Ligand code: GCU
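Next up is one chain by itself, shown in structure tokens, the form predicted on its own.
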Amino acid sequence: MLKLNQKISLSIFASLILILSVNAQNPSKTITKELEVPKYILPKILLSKNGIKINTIEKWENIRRNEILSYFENQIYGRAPLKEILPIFEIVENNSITLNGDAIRKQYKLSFKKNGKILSLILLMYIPNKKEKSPAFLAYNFGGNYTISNDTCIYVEKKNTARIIKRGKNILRWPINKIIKSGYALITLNYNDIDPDKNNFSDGIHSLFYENGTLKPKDNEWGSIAAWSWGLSRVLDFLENESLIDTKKIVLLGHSRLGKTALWAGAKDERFSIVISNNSGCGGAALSRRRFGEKVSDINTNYPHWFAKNFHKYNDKESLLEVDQHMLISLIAPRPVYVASASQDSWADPKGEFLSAKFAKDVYKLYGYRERGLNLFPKVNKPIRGRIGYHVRKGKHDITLFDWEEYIKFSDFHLKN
């Protein structure tokens, strides 16, 4: 048993125990990092810039929420165009019975046209084979629709046929049968079809909005995460006309960089019923001021296109931000939100993700939701299920069957009860 120096406070001791419990791969290195987390003061959610105490729903919705949303929009993710483009669609496949009769498969090609340019994407749907409308999980995939299943009927665009097509490459991340049998549809598309994930703004959705010789977004305009978020809202526009989908019950889900995307899309678009962030880390659910794992400077250096150019001003200067990520989660209130971490994913800072969920609860309290379960960091694989959900799952940076099982239970509780 280790003997602690009497000068080590009980709070530091508790922090060491927490970190040991969620980071088994290299505990000594992780402890050093946790002890080096700087002292920080989080911006107050319920105090306006003019010093007004936010103690009612009306004050939150009319004053403070707008301030926070505007700051995130201009300084972190970037402003997306106000002029929306409704997609032109064509049917690729309609109402094919699949999964032993349990599901209907649909595929659509959506095209956006503006300023003489066009951008197209393929939307894949698996929908429970029943007469009434179904709630749905909406989620981007990383490698193409054909990577989520071995289903040979999933359409592959001609632009992809020049390379080796690995059907079902990411099948373990997509338990389609379980989703369908739980009564949910699955709607997915490749995030690269909205904006290719590279430091180049010439070949994605951005280019459709360029005017007067513009070649890239302005410093306060949308990076790739805001573009991917914009794309999710346009898919929701399209789904309004889908007779088998209940668009009042759309669960928005994202993993990793797409978890960041889901949180921002959910904050911006209040039509999403539930928002789920899986291992989203820096710029997602994790508190930036903790500077633990991936930092603002890391993310802006390695992925300079993800955020607005203005966000780069805060590299190694997180304390200058007027917001932190708990305030992003608060923007989703009063809708249910779920934040999930992985025990061996220290780069995404599980503790920082939990604290964001915990400190967002003050806004949910305005709406009558007292999230008492968020007072203490939970044990591994022991979910917290309230209006704000959280779990830290055993394992690495990934989305697993355990995660999906919890997301289905969480969605059932809020959408079916």
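Every value quoted in this text rests on a predicted model; they were computed, and no experiment measured them. All residue numbers refer to positions in the sequence shown, first residue = 1.
The discussion below concerns the form predicted in complex with the named molecule, not included here.
- The three marked residues, His326, Ile329 and Tyr364, fail to reach the named molecule in the predicted bound form, with no heavy atom of any inside 4.5 Å.
- Of the heavy atoms in Ser256, some are within 4.5 Å of the named molecule in the predicted bound form.
- The named molecule in the predicted bound form comes within 4.5 Å of no heavy atom belonging to Tyr155.
- Although the partner is absent here, Trp347 is a contact residue: one of its heavy atoms lies within 4.5 angstroms of the named molecule in the predicted bound form.
- The named molecule is not drawn, but in the predicted bound form it has no heavy atom within 4.5 Å of Ser341.
- The stretch from 83-91, 316-324, 246-254, 296-304 that comes within 4.5 Å of the named molecule in the predicted bound form, counting heavy atoms only, is 296-304.
- Using a 4.5 Å cut-off on any heavy atom, the one residue of 378-403 that reaches the named molecule in the predicted bound form is His397.
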